Structures are given as structure tokens and as C-alpha cells.
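In the form predicted alone, a lone chain appears below as C-alpha cells.
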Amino acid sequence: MKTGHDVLELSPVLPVVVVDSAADAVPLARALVAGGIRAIELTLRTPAGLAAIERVAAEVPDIVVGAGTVVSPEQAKQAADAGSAFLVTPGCTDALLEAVSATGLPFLPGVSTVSEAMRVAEHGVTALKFFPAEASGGVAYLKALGGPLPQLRFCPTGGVSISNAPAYLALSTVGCVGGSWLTPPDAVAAGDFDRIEQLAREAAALR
């Protein structure tokens, strides 16, 4: 992969995953692969995030693992060192944009307004995360954004579900959607990886 556009093409749904234990990450990733999902965004929202990325990168070669919730330059470097194949940020400051670019990895910077999208595009970045998608106007907002900015493509994340994902994916400016519904916390906690595999199978069939 070379750019964020390559990330958008990995899977119709990019699972956004929070783990409290790195030990859960490997069987979870294998369940996603078994269901037909070939990418995972492991967030840095918990202390287990970096270790989870390291383990999946080393032990599950059939899935492309990226780091999500990258909010500082330090985290960008740490995620790259841990073996991330791509980076995702919830928002984007100038310092963070410089840091994720410096890693040499594909990345999806987060935006939620027209001005934010234009500012990131000025730096030559045209593959973006739209977050929080539903709270920021959802499908209607992204459709309107495609008028003046048709060159931009997005991964809408935040409030996206199996029921509204098809409406997002139908937009020409959407490459994939990000979703946490594939890995419900109760299923992860219970080790119910069969349920995660089934949810992944349903998501993989969206396109």
C-alpha cells in the first residue's frame, strides 16, 4: 500500500476495534479473516493497543493491521514501530499531519467539516476519515460535500452500522466505512469469536 486510497479499498467495512487485552487481538483478527474481512483498525484508546498491533502484525499475516485513534506525533511513531501498515486519526492538526506523513505509511486523517477537508487536501491528501459521521450530518452531509470536493474520498466512521452502511457505500465519494459493530465489547469479553466471524461475514457481503 502506498496511500490512504489503498486503505479505502481493503474492505467495504474497516473494523474499528478496542481491546483491553492484547491476548484478545489475535483470535479476534483471525475471526474477522474467517468472515472475509481483510483489514483491522486497532485503536490506541487503551494501553493494550500497541501490543495488540504488534501481535496481530506478527501472528495474523492474512489481515492488514492499522492503528486508529492516533492523536499525537509520538503515537504515530509508536504505531509505526509496532508494525502498523496504516494510520487513522480522529482529527488532524498540522503537527499530527506532519508526523503521520513522516512515517511513510498510508494514513486517513480525520475531518468533520468542509474547511478541515479543504485544509488537509491542500497538503495533497485526498483520502480521509469522516468522523464522527452520523453526528456530523451523515450520508446527506457527505453527499453535499461531494459537490464542491468530488476529488476527495472518505471512510465514514462513528454511528455507522450494518443498517446504514449501504447508504454510505452507495456514495461515489465513499471507499469504505469504519464500524465497531463487528466486534461488540461483550463478544470480545466472552471470547465469542464465532459471533464476530458471523458479523464479519455479514459486513463483507455489503459490497
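The first residue of the shown sequence is 1; numbering continues from there. Because the structure is a prediction, the values reported are computed rather than measured.
Keep in mind that the form predicted together with 3-phosphoglyceric acid is missing from the display, and what follows is about it.
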Among P148, P27, G159, P166, just one has a heavy atom within 4.5 Å of 3-phosphoglyceric acid in the predicted complex, namely G159
Single option in G175, G49, G179, G66 placed near 3-phosphoglyceric acid in the predicted complex, where near means a heavy atom within 4.5 Å
G179
Which one, 79-87, 93-101, 111-119, 127-135, holds residues whose non-hydrogen atoms are within 4.5 Å of 3-phosphoglyceric acid in the predicted complex?
127-135
Using the partner position in the predicted complex, report whether R38 sits within 4.5 Å of 3-phosphoglyceric acid, counting heavy atoms only.
no
Does at least one non-hydrogen atom of L199 fall within 4.5 angstroms of 3-phosphoglyceric acid in the predicted complex?
no
Partner proximity in the predicted complex: V19 to 3-phosphoglyceric acid, non-hydrogen atom cutoff 4.5 Å
no
Partner contacts in the predicted complex for 36-62 (non-hydrogen atom within 4.5 angstroms of 3-phosphoglyceric acid):
R45
